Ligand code: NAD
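Below you will find one chain, with nothing else, as C-alpha cells; this is the form predicted alone, and questions on how it binds or moves follow later.
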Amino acid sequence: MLRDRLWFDPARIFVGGRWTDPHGGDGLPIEDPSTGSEIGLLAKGGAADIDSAVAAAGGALQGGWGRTTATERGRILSRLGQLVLSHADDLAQIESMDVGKPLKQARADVAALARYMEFYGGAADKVTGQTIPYLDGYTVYTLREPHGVTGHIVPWNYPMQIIGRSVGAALAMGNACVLKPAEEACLTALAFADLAHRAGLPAGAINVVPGLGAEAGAALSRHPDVRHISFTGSVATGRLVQADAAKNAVSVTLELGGKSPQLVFADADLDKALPFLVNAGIQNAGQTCSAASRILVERSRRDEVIERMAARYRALRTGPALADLDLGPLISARQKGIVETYLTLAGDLTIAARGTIESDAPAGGHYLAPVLLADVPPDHRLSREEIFGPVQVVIPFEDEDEAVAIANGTEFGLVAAVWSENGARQMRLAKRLRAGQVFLNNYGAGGGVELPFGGVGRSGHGREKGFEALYGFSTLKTVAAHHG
C-alpha cells in the first residue's frame, strides 16, 4: 500500500522548511496508473502558495543559504545523495505506484537522482571565473554567481531524474529553488524536499508546491521575483512558460521532447545494436523525451533489422508496475487515448510486431502493448510527431545523404545515434545530424549525468547535466579594477 511507504503527508506542501497546508481547501486525487484507482490525496497549491514559496526562497538567499560556501553546499548535496540511497526501496516503490513504471526502471531513477547529488556535490566548489588580459593598469576577472530564486517545472515521466539534473545544479550554484512537479507525479518530489531538509539544506532553499499547471505552474513562470526558469515538458506549454518569463526578462532552460532517430547502416554490428534499437524506444512505455522512436535502416539490411526487432517485440510483456515487467502502464487514460489516436493514423501501414499485455493486468490500468511499424514514409505524421508512447517506426533509406535528410526532417533535434563500423562516416554524421546529443554505436551512454543534454529546434534550448548546467544556473559578472 502507498501509505505504508510514505513518511510525509502528500496533502501538504513544503515551504520554508516546513510542511504546511495549501491555501486552497481542496486536493487532487493520486491515481495508480496500474489500476486506474485513487490511492491518496495530493495538495493542490495555487498562486498564493507559489508566492509563499518564492518569498521563502528569497529569505533563504538573504539568510543562511546565501552565506553558505560552495564547499558546504557540496557537502550538503553529497549527504543528500546518501540519504536518497538509504531510502532507495521506498522511493522506487513510491515512483512505481505513482507513475506506473516498472520497479527496475524506478530503481534506476533513484540511482540517477543520487548520482546527480554526488556529481553536483563534488562540482559545487569547482566552478571558477577567469582573469582577462586587458589594458595596462587594469586587472579584470569574472565571477560566476547564482541567479537567485529559480523556478523548476518538472514533468511526470522522470520526476526524480529531472529533479536531480535541474534542482541539483541550481542548488550547487547557490540558487534557492521553487519546484512545481506535474500533478500526475508529485510524491518523489515531496520526498526529495524532506530528505534535502534532513541533509542540512537551510529552510527555504528548496520549496515544493504541487498543483495544476494552469494555476501553480503559471504563477511560478510569471512570478516577478523568479530569476531563472527550468522547464521540461511539451512544446505548447514551453512556449507559454517562455512567454511568461519574457515579460520579466527572465532566462529560461527548455527541454521540449523529440523524435529521435537511430541510423543503422549496412556495416552495423546488429548484435550490439539490437538491444538499444528496441529498449531506447520502449523504456518507460515510450514516455521518454529522448526515446528512439525512429529507426532508419539502410535498405540492404531492412529485412534483417525488422525481423530481429519484431522477435524482440513479440517477447515484450506489459503489466502492473510492481510486477516489474518490460513495460508498465501509460501515466493516464488521457495519455493512452493520445497514443491510440496516433495508432489510428497507421491505416494500411504494416504492423511488424506487437508485444503483449498480461492477462491478469487490472482492467482499469492504462495498458498499451508496444507496436513496431515497418516502412513508414518519412513525411508521415507517425514519423514526424512525438507520440510519447510505445510506438516505433522503421524507415528504410538508400544512402548516407538520404539518411541525414530523413533524420533531420522533423522540427525536433534532441538525440540521434549512428550504428556503423566506418569511422569516417561516424565523424561526418556527428557533425551533420541536427541534435543536441549524437551517440556513435551506443544510445544514451548509460544515462550520462556528466554529459550536457538539451536540444535544438522545437526540442528547446539551454543545456542540463554536466558542468554546462552549472553555467546555465549562474550569471557571469565581470570585474575591472583600475590600479594604475
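Residue numbers here begin at 1 and follow the sequence given. Computed from a predicted structure; not experimentally measured.
What follows is about the form predicted together with this ligand, which we do not show.
K.L.:
So in the predicted complex, does any heavy atom of residue 255 sit within 4.5 Å of this ligand?
P.N.:
Yes, residue 255 lies within 4.5 Å of this ligand in the predicted complex.
K.L.:
Give a yes/no on whether residue 143 approaches this ligand to within 4.5 Å in the predicted complex, heavy atoms considered.
P.N.:
Flag for residue 143 set to no.
K.L.:
Consider residue 194 of the chain shown here, and say whether it contacts this ligand in the predicted complex, taking contact as heavy atoms within 4.5 Å.
P.N.:
Answer no; every heavy atom of residue 194 is more than 4.5 Å from this ligand in the predicted complex.
K.L.:
Residue-level contact is defined here as any heavy atom of the residue lying within 4.5 Å of this ligand in the predicted complex; does residue 169 satisfy this criterion?
P.N.:
Residue 169: no, not in contact with this ligand in the predicted complex.
K.L.:
Using a 4.5 Å cut on heavy atoms, which of 388, 367, 313, 119 is close to this ligand in the predicted complex?
P.N.:
Partner contact (heavy atom, 4.5 Å) among the options: 388.
K.L.:
Using a 4.5 Å cut on heavy atoms, which of 88, 266, 246, 214 is close to this ligand in the predicted complex?
P.N.:
Of the candidates 88, 266, 246, 214, 214 is the one lying within 4.5 Å of this ligand in the predicted complex.
K.L.:
Please name which of the stretches 403 to 411, 267 to 275, 226 to 234, 72 to 80 has residues with heavy atoms lying within 4.5 Å of this ligand in the predicted complex.
P.N.:
Heavy-atom contact with the partner occurs in 226 to 234.
K.L.:
May I ask you to list the residues of 153 to 188 that have any heavy atom within 4.5 angstroms of this ligand in the predicted complex, in sequence order?
P.N.:
Read in sequence order, the residues that approach this ligand (within 4.5 Å, in the predicted complex) are 153, 154, 155, 156, 157, 162, 165, 180, 181, 182, 183.
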